[in-house]
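In structure tokens, one chain follows: the form predicted on its own.
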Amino acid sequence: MRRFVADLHVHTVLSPCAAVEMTPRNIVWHAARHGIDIVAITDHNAGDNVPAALAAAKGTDVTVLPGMEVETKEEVHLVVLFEKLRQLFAWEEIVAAHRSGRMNDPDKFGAQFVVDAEDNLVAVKEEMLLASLTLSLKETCDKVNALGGLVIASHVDRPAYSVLSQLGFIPPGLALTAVEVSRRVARADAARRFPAIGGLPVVTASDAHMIEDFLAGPKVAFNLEEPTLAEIRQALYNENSRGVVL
């Protein structure tokens, strides 16, 4: 068992709001250099740059988790994470069928770049990713869990695009694994400041859109046997000697 530092919410150049320096290779390079053991790639409503991040991490000590930041039809942001790329691909098929169909305006919102592990441009995603899906909050949680994924409610302390800002509460029985707080709130203080969280585990992450934020933003550390999503799930619930240590 050892300590793994994780950032479970990181955007790449596929997200229109991310800086062009946020290529998968650059993220992995900085993670390796600064002792960030686990990085989840979580672009808005798409996962096209996850394969490049996985390829870039080969031969390093950095583990990349396939993920996505989903915006539900209630305009709630959720970080969804998977163990395997095939699970993310299955989830992407569902997401693709529930996007708005609107096209991106790169001059207004920013471009959406798909790149390879060497930073070469592969494609420019033209469909608008930074928009709500037609999937509800409950549908999203249920479908991700059915695929074996894990759902974390993004930045619940923020005044927009969080489950608490949009609904004011967390619906009973919602299949959330955890909630995330931003750098504005200490993880240990989250339950007191936001009682609606209830007994859900709390994590924090950088939600980085630029390298500076990735390096300086909050992280969470886990005691794990190995850097897998299955182990992280156990750690969030303090099972089998796994746990959150930071």
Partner chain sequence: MTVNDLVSSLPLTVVAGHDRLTAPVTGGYVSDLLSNVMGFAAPGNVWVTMQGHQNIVAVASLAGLAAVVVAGGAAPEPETVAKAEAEGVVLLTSPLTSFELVGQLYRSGVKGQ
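Numbering follows the first chain given and starts at 1. Computed from a predicted model, the values in this text were never measured in an experiment.
The discussion below concerns the form predicted together with its partner chain, not included here.
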{"item": "Contact segment among 95-103, 70-78, 121-129, 108-116, judged by heavy atoms lying within 4.5 Å of its partner chain in the predicted complex", "value": "70-78"}
{"item": "Any non-hydrogen atom of L167 within 4.5 angstroms of its partner chain in the predicted complex", "value": "yes"}
{"item": "Contact of L137 with its partner chain in the predicted complex (heavy atom, 4.5 Å)", "value": "yes"}
{"item": "Non-hydrogen atom contact G148 with its partner chain in the predicted complex at 4.5 angstroms", "value": "no"}
